[in-house]
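Taking the form predicted alone, here's one chain by itself in structure tokens.
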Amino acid sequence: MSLTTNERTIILAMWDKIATESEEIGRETLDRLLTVFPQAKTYFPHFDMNSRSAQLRAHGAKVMSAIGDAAKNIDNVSGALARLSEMHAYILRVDPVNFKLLSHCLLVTLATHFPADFTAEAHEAWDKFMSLVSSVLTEKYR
């Protein structure tokens, strides 16, 4: 799956805005994931699940940092996320469906934070980009 030049431009332009709020967006995305898809809590048994917990905020920041790395390396997402792909497949053994669920939660969060920027075209670009990210993160499962 490849992104068009226009989709890459949209991702990078929005990432510049997202980066200024990435910790909060990450926290909100994880909170949304754990609320809407409670089965994901299985992977966080040691976390304080309070929506304002420091653990949720810290992990949300890590998630957004990885998405930022993917955006900054948009021509080599596979290389940018190789270590995370191995860790999630071999060490953490996260069910691959969770990456799609997280992607969906991120799209909803972006739409709420950036309603003017999250046009139908931006939604499509981000959906495609996050599908690429999810695909890369599940490469090692095959």
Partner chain sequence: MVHLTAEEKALVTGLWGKVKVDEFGGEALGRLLVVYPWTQRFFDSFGDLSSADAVMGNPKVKAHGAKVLQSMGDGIKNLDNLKGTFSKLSELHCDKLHVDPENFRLLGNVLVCVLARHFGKDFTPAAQAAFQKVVVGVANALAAKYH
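Residue numbers count along the first chain shown, from 1. Every value quoted in this text rests on a predicted model; they were computed, and no experiment measured them. Superpose the two forms; the largest set of C-alphas matching within 1.5 Å is the rigid core.
The protein also exists as the form predicted in complex with its partner chain; that form is not presented, and the subsequent description refers to it.
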Item to check | Full three-residue contact with its partner chain in the model of the complex, heavy atom 4.5 Å, for 62, 87 and 140 | outcome: no
Next on the checklist: Which is the contacting stretch out of 63 to 71, 76 to 84, 99 to 107, 40 to 48, given heavy atoms within 4.5 Å of its partner chain in the model of the complex?
Outcome noted: 99 to 107
Checklist entry - Going by a heavy atom distance of 4.5 Å, is residue 15 a contact of its partner chain in the model of the complex? => result no
Checklist entry - residue 134: heavy atom within 4.5 Å of its partner chain in the model of the complex? => result no
Checklist entry - If you check in the model of the complex, is residue 35 within 4.5 Å of its partner chain, heavy atoms only? => result yes
Checklist entry - Should residue 23 be counted as a contact of its partner chain in the model of the complex, where contact means heavy atoms within 4.5 Å? => result no
Next on the checklist: If you apply a 4.5 angstroms heavy atom cut-off, which residues in 121 to 136 are near its partner chain in the model of the complex?
Outcome noted: 121, 123, 124, 127
Next on the checklist: Please determine whether the C-alpha atom of residue 83 is displaced by 2 Å or more between this form and the one not shown following superposition on the rigid core.
Outcome noted: no
Item to check | Cα distance between residue 47 and residue 52, which in the model of the complex differs by 3 Å or more from this form, closer or farther | outcome: closer
Checklist entry - If the CA atoms of residue 21 and residue 52 move by 3 Å or more in the model of the complex, do they move toward each other or away, so closer or farther than here? => result farther
